Ligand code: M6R
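Next comes just one chain, in structure tokens: the form predicted on its own.
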Amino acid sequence: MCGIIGIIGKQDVTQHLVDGLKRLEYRGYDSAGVATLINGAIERRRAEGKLENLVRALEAKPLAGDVGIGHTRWATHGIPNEANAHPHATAKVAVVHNGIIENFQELKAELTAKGHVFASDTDTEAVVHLITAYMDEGLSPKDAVAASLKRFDGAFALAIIFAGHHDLMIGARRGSPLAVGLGDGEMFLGSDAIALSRLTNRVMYLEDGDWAVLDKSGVEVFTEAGEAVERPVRISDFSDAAVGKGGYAHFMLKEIYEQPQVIGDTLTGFINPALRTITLPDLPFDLSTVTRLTLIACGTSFYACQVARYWIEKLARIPVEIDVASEFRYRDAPMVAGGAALFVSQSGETADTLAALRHAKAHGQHILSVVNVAQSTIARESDATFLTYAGPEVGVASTKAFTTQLVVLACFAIALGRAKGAIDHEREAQLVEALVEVPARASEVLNHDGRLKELAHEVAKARDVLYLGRGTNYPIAMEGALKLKEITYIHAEGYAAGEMKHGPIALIDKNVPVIVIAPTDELFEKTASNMQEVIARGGRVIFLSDVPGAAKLGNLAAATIALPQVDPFVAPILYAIPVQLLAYHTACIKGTDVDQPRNLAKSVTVE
């Protein structure tokens, strides 16, 4: 969602603000702006659209100042235009905001009655006017913010500067993440450590409800109740290399090609190769006592959970429920004593997933999480966290985060199966050996990139595309369809292959490409029958199988990709890669914005 950067510097900060915003572009946005203090007065530059428009505005009318805030906005209240772009400001206060102020209409009515004039359609403008109103009553900036925070309903991360105060910035968070960066005679605020990586590697993560008062000498942190508190300072390991394109045309392509490496890195954290066993981090409860498991996530991470359900129920023989995080709380499902809930989120800050986590915790569940950011809110609020080692993922469409999530969930399924006594060491060793092969096999899959690029020309002509799969590859079909929708804007759907005769087969004609995902597992023959039903009705099939599968049916399909033959247990991890590449190349052909597709945000930090 929206990106925030704030700097109390030693010299002009505008270029550093813009650089920070460039590093936040991956979060998704539709307008951008900065505000600084010049001789004590607040000055702003804002622009609709991409950051390059803001850069042009700054070139036309430069902005100086040694303290400032910047923002990339993903529209919620009010259309994307310059008037609704952040920072919002009065003569006394300027604010940037990530989140939603749910009671802004009531606040706006109250403040309008007092003579405040609103210039935008945003909820954020109520923040800046309320703080101003308290300052008009004689409160100091710090006290005005403290009083205002108590009145906001909803989620927010805020960075605030004040006219006449070159050595003051206040940040606050509730629900949305915010980090403080510590420099030498300089201080920083950012939505995440990536935004601050060129400015400092010393980062303090605010806890939920915290607010922080920054000056050049340091920071004071207060809880929601107003009590002073210390938060640990951590050393960030983000580097320019990690968040650069590395010579690739797009972040997404770079991240697809990083998968063999990051899958291997992730496996290293869980596998004992000498003993051929899985080792999980220490858990505060006995895994063998878990009688029911709930898996919860959003978007691509939800599809990872769908694969994991097959794995866990088969290997551990316990019931698994999965739910979309945004629906879970409102369904208010019964949660059994001794149950565990596992939450999957790349950022560890996904608002719906975090809210579901707190709901499950309130109902006595053991809380586990799979995240890519060790210091994220979801990680901190979990009983135990299983880290993916994907590194920063900048492309909005998840690729390497998804496959590393699958790797972690596969390891967890094996460990749970052993803990429950449902599999023995011999079976565990077989599955571990299959996982150990995945990085090398993933490299082999990437060798098909050229052929997938050729096939993308056919897909790019389509208005509708279908993906079919069975078993653990049914969720991969849905993930493939999601990738295509996200970055090409072509309508696509993923179906369980056996469901074709229950409706979707009516869509089949020569203009609808059908991507069939069918490794040679126990369901191969069933999927083959469904594929032949498609072909009999004029459908053009792109067949993703392994070498034996391609030998059996490849001559029937319009096109065939023969992937390495692997244990069916790990096939979903490998088959995720060609559907990513097919979507990527199709998007390039159509000329869409691959890394920042329209209307999407990388980290969804509001409900």
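Computed from a predicted model, the values in this text were never measured in an experiment. The first residue of the shown sequence is 1; numbering continues from there.
There is another form of the same protein, the form predicted together with the named molecule; it is not shown, and what comes next is about it.
Colleague: Taking 4.5 Å between heavy atoms as the contact cutoff, choose which of L482, A89, A379, I322 touches the named molecule in the predicted bound form.
Modeller: Looking at L482, A89, A379, I322 one by one, just L482 meets the 4.5 Å heavy-atom criterion.
Colleague: State the residue from G299, G99, G494, P392 whose non-hydrogen atoms include one within 4.5 Å of the named molecule in the predicted bound form.
Modeller: If I apply the 4.5 Å criterion carefully, the residue I get is G299.
Colleague: Can you pick the stretch from 272 to 280, 398 to 406, 99 to 107, 313 to 321 whose heavy atoms fall within 4.5 Å of the named molecule in the predicted bound form?
Modeller: Residues of 398 to 406 come within 4.5 Å of the partner.
Colleague: Should T350 be classed as touching the named molecule in the predicted bound form when contacts are defined as heavy atoms within 4.5 Å?
Modeller: Output for T350 is yes: heavy atoms within 4.5 Å of the named molecule.
Colleague: Do E186 and the named molecule come within 4.5 Å of each other in the predicted bound form, heavy atoms counted?
Modeller: No, no contact at 4.5 Å.
Colleague: Taking heavy atoms only, is S345 within 4.5 angstroms of the named molecule in the predicted bound form?
Modeller: Output for S345 is yes: heavy atoms within 4.5 Å of the named molecule.
Colleague: Should D123 be counted as a contact of the named molecule in the predicted bound form, where contact means heavy atoms within 4.5 Å?
Modeller: D123: no, not in contact with the named molecule in the predicted bound form.
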